[in-house]
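One chain comes next, on its own, written out as structure tokens in the form predicted on its own.
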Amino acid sequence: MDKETVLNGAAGGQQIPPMEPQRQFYFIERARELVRKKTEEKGRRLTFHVETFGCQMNARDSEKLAGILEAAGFAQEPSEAADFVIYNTCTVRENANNKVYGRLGYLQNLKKKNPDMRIALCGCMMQEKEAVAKLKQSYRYVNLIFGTHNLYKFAELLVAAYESDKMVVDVWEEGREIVEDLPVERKYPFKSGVNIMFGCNNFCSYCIVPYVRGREKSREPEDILNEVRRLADDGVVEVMLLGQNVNSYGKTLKTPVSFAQLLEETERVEGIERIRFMTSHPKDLSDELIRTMARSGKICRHLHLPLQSGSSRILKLMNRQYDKEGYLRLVEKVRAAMPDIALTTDIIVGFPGETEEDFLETMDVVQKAQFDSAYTFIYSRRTGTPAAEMDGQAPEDIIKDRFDRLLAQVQEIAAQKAERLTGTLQQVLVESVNSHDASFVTGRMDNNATVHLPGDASLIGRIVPVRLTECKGFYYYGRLV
């Protein structure tokens, strides 16, 4: 990395702490001094903008980036016309990479108007050697590049980006340690994500995540619980436990702890009223977890259980490690234990080798499982994955026809299920003033469905009883009871 000798030595006679997170707090102070001087030069406060691409884990990482930037003295700016812009990238699909390249062209024009502007890129896309090589060659105006494994070093890298005239690149192939307890600027004061593990060991044949996020590594349960307790003390009432596959939590710990056990401990934290989690892999959904959810008074009645395909043959090609019958047995177990649960899923259409018969198997599972909603995707070839080398991609018009048929069936079932809740009394966590009508507020039910109701900002952050008066297909109108 550029400036490595400066960052690892002493500055102003002060020795840099060798241990984390103390080392990063030292660099936050260094950054504050740099920002203070720049502020005096410009006669105004320096601004930052964090743009997030991708999943909930990226969103949580962006809160950490924002927290460090605010601790360093920057003020948040809603647009990219800021002094420091950072893109937290996703690389699940190749068009996500192309979107970043396109946005960088826009940033180059902004930088011409503000030569002191700093541009940083982090996240999953930066773990791809080809992407970094392209950035080095064609996007030399980018100041800082780092990946998923050393995000906690952001304060240190921020200083390097201001002290160096060259592009600073610091990408690790694997994680060396888990470092938490750094500043975080949460998007919502009343709810928060909590990372419980990092990486993935599943190697689904279409997915790049294990290659860019690395192998599974679970956080120690007490570290997680301490974070949840601090959040509760700070007014958080809902937490979402995050991981690429939360069901396999604890397997890498010296003393194994199951995800169900972690949930039970999280339930005991006073002040936390709702617990969510994302994402579950069907192969690791245990009877213990189903029992824990069923008897819980805090775990939300919502389970996201990605199917991907209803064809056992395609599931094997995907390396999903379950078959159609096994998935449907899981659905039966879950619904038997929790008849009121909202079950959502992910489905890919057009995977290499998918025939009409395979697709009809998927339609059959959708009909039998009765999903409350589904995220449907047309297969996107992802360079670097085994599926990218597979033959048998169906013609585009056939895939589009299948996608439309699937979407129609998913939406019909979801609308029928949603309508059944009209007239019922539900608990709603109010999240914001409605963006279209300031006399309404918007919140979420236990099952994650959206509700709009008359109210004002005083309701935000509260869980309130709401009578659902009208179903609009994918959201509801209601009134406070």
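Computed from a prediction, not measured in an experiment: that's the story for all the values here. Don't overthink the numbering: it's just position in the shown sequence, from 1.
FYI, the form predicted in complex with 5'-deoxyadenosine isn't displayed, but the following is about it.
Undergrad: Can 5'-deoxyadenosine, laid in as it sits in the predicted complex by superposing nearby C-alphas, fit this form, that is, is the pocket open, or is it blocked with 3 or more ligand atoms within 2.4 Å of backbone or C-beta atoms?
TA: Open.
Undergrad: I need the one stretch from 379 to 387, 328 to 336, 130 to 138, 167 to 175 whose residues put non-hydrogen atoms within 4.5 angstroms of 5'-deoxyadenosine in the predicted complex.
TA: Checking each option against the 4.5 Å cut-off leaves 379 to 387.
Undergrad: Among Ile299, Ile348, Leu343, Met125, which has at least one heavy atom within 4.5 Å of 5'-deoxyadenosine in the predicted complex?
TA: That would be Ile348.
Undergrad: Given that 5'-deoxyadenosine is left out here, which of Arg103, Lys251, Arg93, Lys316 has a heavy atom within 4.5 Å of it in the predicted complex?
TA: Of the candidates Arg103, Lys251, Arg93, Lys316, Arg93 is the one lying within 4.5 Å of 5'-deoxyadenosine in the predicted complex.
Undergrad: So in the predicted complex, is 5'-deoxyadenosine close enough to Ser192 to count as touching (4.5 Å, heavy atoms)?
TA: Close contact is absent here: in the predicted complex, Ser192 is far from 5'-deoxyadenosine, nothing within 4.5 Å, heavy atoms only.
Undergrad: Whether Phe74 contacts 5'-deoxyadenosine in the predicted complex should be assessed with a 4.5 Å heavy atom distance threshold; does it?
TA: Contact check for Phe74: no, nothing within 4.5 Å of 5'-deoxyadenosine in the predicted complex.
Undergrad: So, Pro306 and 5'-deoxyadenosine: in the predicted complex, are they within 4.5 Å at any heavy atom pair?
TA: Looking in the predicted complex, residue contacts with 5'-deoxyadenosine include Pro306, since a heavy atom lies within 4.5 Å.
Undergrad: Can you tell me if Ile275 lies within 4.5 angstroms of 5'-deoxyadenosine in the predicted complex, counting non-hydrogen atoms only?
TA: No, no contact at 4.5 Å.
Undergrad: Residue by residue through 200 to 232, which ones have a non-hydrogen atom no more than 4.5 angstroms from 5'-deoxyadenosine in the predicted complex?
TA: Tyr206, Cys207 sit within 4.5 Å of the partner.
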